[in-house]
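There is one chain below, alone, in structure tokens, taken in the form predicted on its own.
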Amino acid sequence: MSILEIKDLSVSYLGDDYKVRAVDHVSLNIEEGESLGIVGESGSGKSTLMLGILRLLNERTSKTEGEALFRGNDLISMNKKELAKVRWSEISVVFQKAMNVFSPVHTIETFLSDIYKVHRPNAKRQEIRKELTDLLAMVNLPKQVLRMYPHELSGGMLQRTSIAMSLMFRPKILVLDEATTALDVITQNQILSEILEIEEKLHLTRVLITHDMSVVANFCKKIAVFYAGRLMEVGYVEDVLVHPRHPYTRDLVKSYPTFSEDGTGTVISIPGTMIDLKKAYTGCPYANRCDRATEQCRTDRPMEDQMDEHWSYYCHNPLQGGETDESR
């Protein structure tokens, strides 16, 4: 059953004399209890998609159109009071730069307590202290962290504290927007493993936005591949990454570094650059970099094709099974 149903969603950034369509008519269903990884190059619209859905963008310089149905209620058309009840308590976000989240002049306890009291104004100090201590324990942090200031914590501890804060009201959906990108590999794996345990305990639906294909392969069940504001392919990780249908998915997988037994590595980059989203275009946005592009790819927007109910792609000339080794 879908917990979040995104229908024909577009998000544009507005300048004085231009418009950038950062998300371009995207439709995507997120099932309750699933873990979805959203991947793509920088500028592909991954973060903008979730920021637009939660209406965290400046309304004077952006415009969000379409629908985002959370349990049947459209987040895009909600008034601010209704939306405030959904944020934090129902859908929560962990951002990349944890240091920017916290107040540098307040202890962790003071900062988190203030947030708690906004949503639970009648809560007693003892109740809040217990709740915060339990949250820190959930992410393997000692209660002493409550007395510390943000600058006294390491990057991993800060990110754990940020995750604890996002779980304060036991949300139904947890969005991690590049939440572990700045951390070393060991700390990243520790935190993601802890999130898997929390996810099972709290019955969370998780959306992980990342550049790292290995993170999605190891910590997500489904994957959605974005490029230039469009959804290219979506399906189960073992299907999409092993037998991609869209050439961009194949190229993205092949661009991930590989290493041989002697320690030498191979990196295959995708030639060309992303199209300028300030300029109007027709067809597939990947056509100028794709080795399978035809004239139809440059003129006609691809419609959705499905392998099955869980696996779909948008391509006029899709790969057939076993074409992942095809050279570019």
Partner chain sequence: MARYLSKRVLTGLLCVLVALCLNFALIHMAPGDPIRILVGNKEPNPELVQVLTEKYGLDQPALVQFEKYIGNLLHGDLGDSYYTGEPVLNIIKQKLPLTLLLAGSMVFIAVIIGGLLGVFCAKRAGGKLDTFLGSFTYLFDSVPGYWLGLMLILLFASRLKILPTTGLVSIRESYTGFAHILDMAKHLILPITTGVIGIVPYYFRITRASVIQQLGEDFIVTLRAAGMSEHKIFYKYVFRNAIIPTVTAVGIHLAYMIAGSTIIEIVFGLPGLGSYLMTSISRRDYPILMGFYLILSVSVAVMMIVVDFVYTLLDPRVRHVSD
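Computed from a predicted structure; not experimentally measured. Residue numbers count along the first chain shown, from 1.
Keep in mind that the form predicted together with its partner chain is not shown, yet the notes after this line are about it.
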Of the listed stretches (68 to 76, 201 to 209, 118 to 126, 131 to 139), which one has a non-hydrogen atom within 4.5 Å of its partner chain in the model of the complex? 118 to 126
Leu167: heavy atom within 4.5 Å of its partner chain in the model of the complex? no
Answer yes if any heavy atom of His106 is within 4.5 Å of a heavy atom of its partner chain in the model of the complex; otherwise answer no. yes
With the partner left out of view, is Gln144 within 4.5 angstroms of its partner chain in the model of the complex by any non-hydrogen atom? no
At the 4.5 Å heavy atom threshold, is Leu56 in contact with its partner chain in the model of the complex? yes
For its partner chain, considered in the model of the complex: do all three of Tyr281, Arg292 and Gln320 come within 4.5 Å of it, counting heavy atoms only? no
Residues of stretch 147 to 162 in contact with its partner chain in the model of the complex (4.5 Å, non-hydrogen atom): Tyr149, His151, Glu152
